[in-house]
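Given next, in structure tokens, is a single chain: the form predicted on its own.
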Amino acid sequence: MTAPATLTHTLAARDLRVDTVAGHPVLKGVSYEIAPGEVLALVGESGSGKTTAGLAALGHFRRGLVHTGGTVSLQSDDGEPVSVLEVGDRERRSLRGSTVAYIPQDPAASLNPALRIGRQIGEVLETHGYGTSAAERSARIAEVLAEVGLPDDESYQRRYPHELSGGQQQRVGIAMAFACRPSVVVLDEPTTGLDVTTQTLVLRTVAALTTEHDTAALYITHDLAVVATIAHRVAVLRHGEVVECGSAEEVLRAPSHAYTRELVTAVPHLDGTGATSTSAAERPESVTPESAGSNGAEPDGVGSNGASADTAEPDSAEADSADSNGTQPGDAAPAATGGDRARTPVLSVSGLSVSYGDHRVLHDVSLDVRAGECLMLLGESGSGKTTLSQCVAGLGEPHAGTVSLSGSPLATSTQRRTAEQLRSVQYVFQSPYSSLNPRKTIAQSVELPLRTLTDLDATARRARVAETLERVRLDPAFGDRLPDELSGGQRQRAAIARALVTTPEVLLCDEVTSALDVSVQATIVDLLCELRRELGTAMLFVTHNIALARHVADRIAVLRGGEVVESGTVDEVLGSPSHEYTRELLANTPRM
């Protein structure tokens, strides 16, 4: 992208320093400038300090953090600079929403579920005194909805957030942020978790609004493919310091810092390159409490003292070693041979249909997965991917059709499945932060399936838990910790361990990498591929991230509107897609 010609800076941070209340540095002299109409991407792994730096632009610091030095200046409506960190609380509150706006990561959490969307946008306008009459504010509500590509009629404005899709909710959040035409907007991972088509719409919306209104945008993300799509310049943050800054072209194509090169290398590509974690010579064999820092958590957690753990260094051992058979990290397991394909599938779905009232979610879906094979289930949000995987696991609504395990039909509900069937089909959920019981230690959570589904005694269960934690490259000492003492990547490993502890025949992975930064995502992909090779587990990998296909899958099934519109090997689907919908997904996938 070509940077705007105007050089006047709307937002500028100078030597910004933030510590925890205990005195540990979080930001160590961060400086950046953003011109009107320019998008600066702030990138780095979880715990690098990205969100802390972004919230500082609004004069906000999370609990447990204190501002220890430096300034953040905004250009006010009259053209004069305003120091966000030095003004009083009342003036700072008036700046938020009118001069500087914030778009959070989770669109559902950013909207009030009890208020209609038109009313929520109207509240922003009223709070900041936009317009002189209700009619003027009403006109602005309709205008800003149209600007983000949503219907502007009265009936749409009367909808509640739960009546919108995730992408529509995110665009309503963008509309609220741009309602008062701010001069600065901070976007904190606004497309994480969105499918590629919706992500493309959101990115186009942001790009159009920043250009049209000359808004300076600070775009916080770990997705470098998105950065290549939207950013003019890139600042790379590591351990609270900017280690590299320059144009998007310079930073992404010819990075000068080793850490930037590591991030770029970890980005998965459609051609099968990338998705490589740190080299084997630079990483230990397993994640240990010592290698993970004083509390074992990456900085994206909150420590036991209440301070943000944004201070600790990212988990240096999140990357994994190359497999002993010579396969490099990120390589998918070899595709099943002709003899393998002749065997009875471990998992077979036939004529599966699900409806909620008159709404059809799945229609006549059929698929097979063999031992050691990974089938990627691909599609947009709402296509029925998660519903299908939950039906396989027995967690969904009653369905028509059959789900079979090694030729034996499974009951539609877990309540009517045998312990052996429950042991054989295990589920890994999307969020590493909500899939583990916060009140149970990691060992207790991993042990639970053994207590309920096997007759192993306590000694054998403890030995199996320790063995499984080591298998997912977590030191067994982590078993004594609670989930909030682990990083996102470590928690996802623990969730995988819980699913693997019963040695299942089928592993269902539901968007297991969508909330992780690229380097941690690469290590989770490495881990799943290695486990599949070692254990011969059949894997159904639910995702909207097509770029992971060549790194993790043997075959792809493309789901649209509850129907499989295309299926085949990875090379067939990606190399010569036969369906227009698949071609559209590929066209919308961000590329470096």
Partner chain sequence: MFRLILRRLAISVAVLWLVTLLVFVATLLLPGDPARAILGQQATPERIAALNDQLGLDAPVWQRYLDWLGGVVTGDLGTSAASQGPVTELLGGRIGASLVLLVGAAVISTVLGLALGTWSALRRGRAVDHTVSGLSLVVAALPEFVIGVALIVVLSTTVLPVLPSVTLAPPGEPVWSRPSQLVLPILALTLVVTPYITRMMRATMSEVLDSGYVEMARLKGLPERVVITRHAVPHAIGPVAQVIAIQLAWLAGGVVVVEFLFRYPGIGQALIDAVNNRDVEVVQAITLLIAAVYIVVNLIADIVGIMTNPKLRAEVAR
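Residue numbers count along the first chain shown, from 1. Not measured: the values here are computed from a predicted model.
The following text describes the form predicted in complex with its partner chain, which does not appear among the structures shown.
Only one of 219-227, 260-268, 105-113, 466-474 places residue heavy atoms within 4.5 angstroms of its partner chain in the model of the complex, namely 105-113. The closest non-hydrogen atom of Thr127 lies within 4.5 Å of its partner chain in the model of the complex.
Its partner chain is not drawn, but in the model of the complex it has a heavy atom within 4.5 Å of Met176.
In the model of the complex, its partner chain sits within 4.5 Å of a heavy atom belonging to Arg93. Contact check for Leu55: a heavy atom falls within 4.5 Å of its partner chain in the model of the complex. Distance criterion of 4.5 Å from any heavy atom to its partner chain in the model of the complex singles out Glu163 from the list Glu86, Glu143, Glu212, Glu163. A heavy atom within 4.5 Å of its partner chain in the model of the complex is found for exactly one of Lys28, His67, Arg533, His60: His60. If you check its partner chain in the model of the complex, you find no heavy atom from any of Ser348, Gly351 and Asp364 within 4.5 Å.
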